[in-house]
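Take a look at the C-alpha cells below, where one protein chain is shown in two forms, each on its own, as structure 1 and structure 2.
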Structure 1
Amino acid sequence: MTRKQKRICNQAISAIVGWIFSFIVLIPFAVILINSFKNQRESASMSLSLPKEGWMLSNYQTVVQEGNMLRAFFNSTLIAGMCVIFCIVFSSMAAFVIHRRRTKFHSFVFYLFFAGLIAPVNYITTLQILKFLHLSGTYAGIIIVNVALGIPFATFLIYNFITNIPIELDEASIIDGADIRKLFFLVIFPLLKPITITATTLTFISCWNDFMTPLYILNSSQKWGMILTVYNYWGFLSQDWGKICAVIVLTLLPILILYICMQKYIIAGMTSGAVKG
C-alpha cells in the first residue's frame, strides 16, 4: 500500500469513526426533539417513533406561557451577554500585558489566574461580600461573580494564543506613533478574533448553563435564568414528558445556534498555531 493510499485509508477511517460518534451524540437530542411534539400518553415511552396522534405544537406554547420562559430567556441573555463582554475585554488586556511584560510580578499574577481555574468557589464568603456591597440578589451581583469565575479560563486561553503574535508588531506600531491603547485595540485585539470568539462561546455556554451561582445569589424567581426556571418548572410537569422535552429544547436551542454560527472560528481558535496577517 502506497503512502497516498494509507493517507486515504486513514482519512476514511477517521470519517467513519467521526460519523459514528456524531450519531451517538445526536440520538438523545433527536429523542428529546421528537417527543417534544407528542402528547402526554405517547411521550411517556420516550421513543424515536414519530407522533401518531398529531404534532403537539401547543407544548411549546404552553411551557412558554406557564413557565415564564420569555422572562427567563431575557435574564439568561442579559447575564451571559454582560459576562462575556467584561470577560473578553478584561482577559485579553490582562493576557497581553502579562505576556509582554516578563517580570516576576506579572508571572505571579499569571499564576494567580491559573489558581482561579482550580480553586473551588466559596459561596458563603461570596454572599457575605455581595451583602456588604448591597449587590446580593441583583443583576450586577450575579454578573460580577460570573465575570470573576470566567476571567481565569479566558485569560489562560488568550495568553496561549498571544504567544503566536510577534513582538516586532508591537515595536512597529509604537514607531508609527501608536500609544498602548491604540496598539492593543487597533492592532493586537483584531488579531485575537479566533480565540476571542472561542472564549466568547465557551464563556457564554458556561454562564447560560450555570445552576449553582444564581441559586445562591438571586433570591427572586423573576431574575432567574433558563436553567433555574426550567428546574423550578420541572416539578409541575413530572408526568408530562412532552412538555418536559419542549422545555429542554428551548433551553438547548440558543446554545446550539450559537455553537453552529461560531463553529468555524472555534476550530480556528483551538487549532491555530500561528497568526496569519
Structure 2
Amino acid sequence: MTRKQKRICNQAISAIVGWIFSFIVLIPFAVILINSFKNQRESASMSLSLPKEGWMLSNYQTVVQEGNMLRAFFNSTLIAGMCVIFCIVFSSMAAFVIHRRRTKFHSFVFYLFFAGLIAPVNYITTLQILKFLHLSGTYAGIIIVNVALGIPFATFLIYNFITNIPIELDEASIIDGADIRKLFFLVIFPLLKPITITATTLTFISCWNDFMTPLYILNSSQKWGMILTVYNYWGFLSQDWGKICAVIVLTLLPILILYICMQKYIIAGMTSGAVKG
C-alpha cells in the first residue's frame, strides 16, 4: 500500500469507529422519538422497534391541546428571552467598566462575580427576598433571579473579550465628545457582537433548561416553562410513555435547533476559559 492509500484507509477506520460509538449518544434520543409516535400500549415497553400499529400523531395533538404545551413554550421563551436581554446588556456594561477602571473596588467586584461561578444558589432565602419584594410567583421574580444567576458567567466571558478592544478607541470617541453612554452603546457594544452572540446563546440555553429555579420559585403551573411542564407530565402520566415522549420531543426541538445553528458560538464560549488557561 502506498502512503496515500494507507492514510485514506486510516481515515475511513476513524470515521467508522466514530459513527459506531455515536450510537451511545444517539440511541436514547431515537428511543424517545420513535416512542412518541406509538400508542399507549405499544409505548409501554419503550423499545427501539418501530411502531407496528402505524405512526400516530395523536400524542402530539393531545399534549398540545390538553397539556398546555403552547403556554409552556410561551413562558419559557418569555422568561429566557427577557433574562438574556437584561443579563447581556448589564453584564457587558459591568465588564467594560471593570476592565477599564481596575481600581481595588473594581477588582473586588470582579472577584465577587467570580464567586458566583462557584457558589451554589440558596433558593430558600432567595424566595424570602422575592416575597419581601412582592415578586414571588411572578414572571418578574423568576426573570430577575435568572438574570442574577447568569451575570457572573456572562461578565466573565465578555470581560475576557474586552481585553482585545484597544483603549485608544475609547480615547478617540471621547475626544469626539462622546460620554460613556454613547461610547459604550454606539462604539463598544457593536464590537462585542461575537461574544454577545456566544453569551446570549449560552445564557438562553441554561435559562431554558433550568429546573431548580422554577421548581422552588413558581408555584402556579400557569407560569411554568417547558422543563417544569415535562416534569409535571412525567409525574402524573407515568404510565403513558408515548405522551411523555411527545412532550420531551417538543421541549428538545427548540433547544436542538438553537444548538445546531449556534454550535460554533457555544464551543467558542465554553472553551474561552481553556484557551486562556
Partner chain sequence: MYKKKIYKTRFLMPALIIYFIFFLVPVIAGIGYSFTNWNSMRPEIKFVGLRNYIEIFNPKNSYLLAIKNTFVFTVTSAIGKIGFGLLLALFFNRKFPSQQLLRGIYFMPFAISSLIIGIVFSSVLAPDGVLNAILSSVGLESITRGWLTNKSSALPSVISVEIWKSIGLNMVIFLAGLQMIDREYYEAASLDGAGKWALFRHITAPFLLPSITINLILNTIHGLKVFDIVMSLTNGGPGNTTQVINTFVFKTYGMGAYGLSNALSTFICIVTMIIALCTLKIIAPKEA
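Structure 1 provides the reference sequence; residues are numbered from 1 along it. Whichever C-alpha set is largest while still superposing within 1.5 Å between the two forms counts as the rigid core. Computed from a predicted structure; not experimentally measured.
- Structure 2, rather than structure 1, originates from the form predicted together with the partner chain.
- Core-superposed comparison between structures 1 and 2: CA of S220 displaced by less than 2 Å.
- Core-superposed comparison between structures 1 and 2: CA of C245 displaced by 2 Å or more.
- After superposition on the rigid core, the Cα atom of S43 is displaced by 2 Å or more between structures 1 and 2.
- Aligning the rigid core leaves the CA of F21 displaced by 7.2 Å between structures 1 and 2.
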